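Only one chain is shown below, in structure tokens, and it's the form predicted alone.
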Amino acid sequence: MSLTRRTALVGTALAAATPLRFARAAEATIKIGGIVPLTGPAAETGKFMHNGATMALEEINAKGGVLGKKLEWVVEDDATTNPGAVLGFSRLVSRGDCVAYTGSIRSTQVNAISPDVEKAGKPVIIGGTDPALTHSGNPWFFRTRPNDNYSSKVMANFGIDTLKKKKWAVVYATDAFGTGGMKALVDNLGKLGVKPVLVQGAADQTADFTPVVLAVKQANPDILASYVTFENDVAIFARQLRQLGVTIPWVGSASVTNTATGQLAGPAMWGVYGVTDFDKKASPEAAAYYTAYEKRFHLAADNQSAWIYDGLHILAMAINEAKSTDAQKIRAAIMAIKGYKGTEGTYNFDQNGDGLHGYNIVQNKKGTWAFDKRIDFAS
């Protein structure tokens, strides 16, 4: 069976995408199901997710695994689409042997699988940052990234209090992530007495952002904020901003800081501020992970890998603490996690299933992200 459709990972890197015979894992493993963009627009960044999972599984299994068994990650391709995510998740559920799952870093795909997650009744670790995902009553989502109520609050306060800007243009992807971030930012700006001069949406995979850039220029803002989902979209937008002479301060959500974005956009990203959940200078844990990841994969680590790395460690911790693979007991153990220092911050799970409550402010200095500070909130 082709790797692009189905594979399994037990503490080792995924093999190259060539036809393979699917070998059933030993009965002695405890299985976590996962949907991953092996194909589609996010396939390149999906490699980062694989890498983070690989490191986590190797570490977990080297220390004895969970309940005395090795932890296995069984993967289905989500093809970077909502239908692909739904199909992949249903395949995992139909196996019947996964005790928990990992979802997507894309909010729109997490939202798409939400009804099936509730029916499955098992914990799902997610990376999507749309606040609604953990505030809609689904008790099985657990987020290992901070939601955009926090990123928008940090963005608004930094732009107004530190950069002293009052004329905001907000550009956002019209998917669940971008819309959720935009609404949260507009709300937080309003609390600080600012109404944006422009709120402009754009569809994912937009080939030409010229109309959006021209709308920004016409609005004549003194600061630009963005919640754009895909790295290639951010890169196109950045290059066209510079080509059309837009040089005002730009504060973007975490996608502006991703390694793939920098590779695609180059100097067009220089000077941009990012509000990101992962930075190597944010904590000793983040620094250690960054160094180990870079040594292992010869790539700079970012949130694409860090959230799943933390998520698998949290699931392993919860299963061991619960001393059981029972879904309700694992759920209770995750909810009880307080003060766990991961690569993305210190985890204190709240009643909604959100583990983190803060973001880092960074700036692109000629291709290198310079850490400014981390801002955490009580809840």
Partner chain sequence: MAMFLQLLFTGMGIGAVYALVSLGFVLLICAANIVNFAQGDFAMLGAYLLVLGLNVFSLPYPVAIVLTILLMAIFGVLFAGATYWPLRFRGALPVIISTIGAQIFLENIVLYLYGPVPQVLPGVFNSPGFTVGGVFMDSQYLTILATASLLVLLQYLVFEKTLLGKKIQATNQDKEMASLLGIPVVFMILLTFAYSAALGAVAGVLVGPILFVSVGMGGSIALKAFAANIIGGYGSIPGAIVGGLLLGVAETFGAAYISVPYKDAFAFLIVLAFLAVRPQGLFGEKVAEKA
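Everything numeric here is computed off the predicted structure, so don't read it as measured data. Numbering follows the first chain given and starts at 1.
Keep in mind that the form predicted together with the partner chain is not shown, yet the notes after this line are about it.
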Of 337-345, 42-50, 350-358, 65-73, the segment with heavy atoms within 4.5 Å of the partner chain in the predicted complex is residues 42-50
Review point. Looking at the partner-bound form in the predicted complex, is Gln263 within 4.5 Å of the partner chain by any heavy atom?
Key: yes
Inset, instruction - May I ask you to check whether Asp208 falls inside a 4.5 Å heavy atom distance of the partner chain in the predicted complex? - result: yes
Closest heavy atom of Thr174 to the partner chain in the predicted complex, within 4.5 Å or not?
yes
Review point. Is there any non-hydrogen atom of Thr81 lying within 4.5 Å of the partner chain in the predicted complex?
Key: no
May I ask whether Thr179, Asn188 and Ile223 each come within 4.5 Å of the partner chain in the predicted complex, counting any non-hydrogen atom? no
Of Leu198, Val212, Val93, Val117, the only residue with a heavy atom within 4.5 Å of the partner chain in the predicted complex is Val212
Checked Thr162, Thr291, Ser136, Gln218 for heavy atoms within 4.5 Å of the partner chain in the predicted complex; positive is Gln218
Looking in the predicted complex, the residues of 227-256 with a heavy atom no more than 4.5 Å from the partner chain, listed in order, are Asn232, Ala235, Ile236, Arg239, Gln240, Gln243, Leu244
